[in-house]
Ligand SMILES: Cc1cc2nc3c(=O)[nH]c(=O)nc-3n(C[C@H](O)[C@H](O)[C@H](O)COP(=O)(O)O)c2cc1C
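In the form predicted on its own, a lone chain appears below as structure tokens.
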Amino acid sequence: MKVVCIFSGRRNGKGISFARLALRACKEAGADETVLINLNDLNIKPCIDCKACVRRLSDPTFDGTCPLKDDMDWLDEQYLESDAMIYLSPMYENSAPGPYKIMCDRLGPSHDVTFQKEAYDNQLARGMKPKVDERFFRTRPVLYIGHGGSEWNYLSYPTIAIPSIPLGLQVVDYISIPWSNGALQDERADEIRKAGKHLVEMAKLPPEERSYIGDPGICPVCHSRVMYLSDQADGLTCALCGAIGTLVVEDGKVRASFTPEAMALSHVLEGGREQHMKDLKEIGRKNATVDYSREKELARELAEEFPCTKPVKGV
């Protein structure tokens, strides 16, 4: 069993010690191999929205690939060889730092397991050798750990747990460590050890038998506590996975209620990703009939009037 931990942070900071403590627990629980990766050691370039990955999945005749030449393919291979994942990040300005967000952006359509499954099936139906790696289809358990120097970490989990959506990862634990000084010396270290052991135990089980042991959160699907309140007085949406619920007041306390139908459309689940794919196709069909000539003309006018300012090199 191989457990891969991906984190973003200082090379000698608290985060890397939390990661190593979790990996030690995984090893003690039976993991044969553990890998620790600091995103700050890699060259992961920002997505440029060229849509080559979208065409590769949607157009069987297109054989191009992402034009960015960096360490993303290497990082993908580490993931594909894994049996369980740990993602860990500090909080910079109430959310995960830039390198972590850049990685998440690169996990878009190119890594979306639902998009890849459809492309795989379409390619097989055409008698083609699939260009999709079947290893993406495995449902891996994942542990998320967020830490910070204060309590200002409300966006920690929604930003750290983004990989669950495209990769179809199954969340089995989330640990939040605010005011993280001293965490290696108190009960929070025990929580990390317990989480690492639980991750390995869950990796040994089929997905339908796995369990979640972290903070239950508000959303019953992804366990996020961050909700978006809609214009309707009783409506709310999970800011991470998109599950739609209602606000309910019971015994003077406000809580969230989610129907099984709404939970099934969470974007961390296959049903939610399939619905998202259907919505994208419907919008694409509508956009295909729109005449964009005037829009392109206006874009050219605006570009001439407001060019980008850049620093002058070599002066």
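The first residue of the shown sequence is 1; numbering continues from there. In this text, all values refer to a predicted model and were calculated from it rather than measured experimentally.
We do not show the form predicted in complex with the ligand, though everything after this point is about it.
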In contact with the ligand in the predicted bound form (heavy atoms, 4.5 Å), from 301-309, 287-295, 21-29, 8-16, is stretch 8-16
Only hit among 231, 208, 186, 93 for heavy atom within 4.5 Å of the ligand in the predicted bound form is 93
State the residue from 149, 130, 98, 235 whose non-hydrogen atoms include one within 4.5 Å of the ligand in the predicted bound form. 149
Determine whether any heavy atom of residue 82 comes within 4.5 Å of a heavy atom of the ligand in the predicted bound form, and answer yes or no. no
Contact test in the predicted bound form: residue 180 vs the ligand, heavy atoms, 4.5 Å: yes
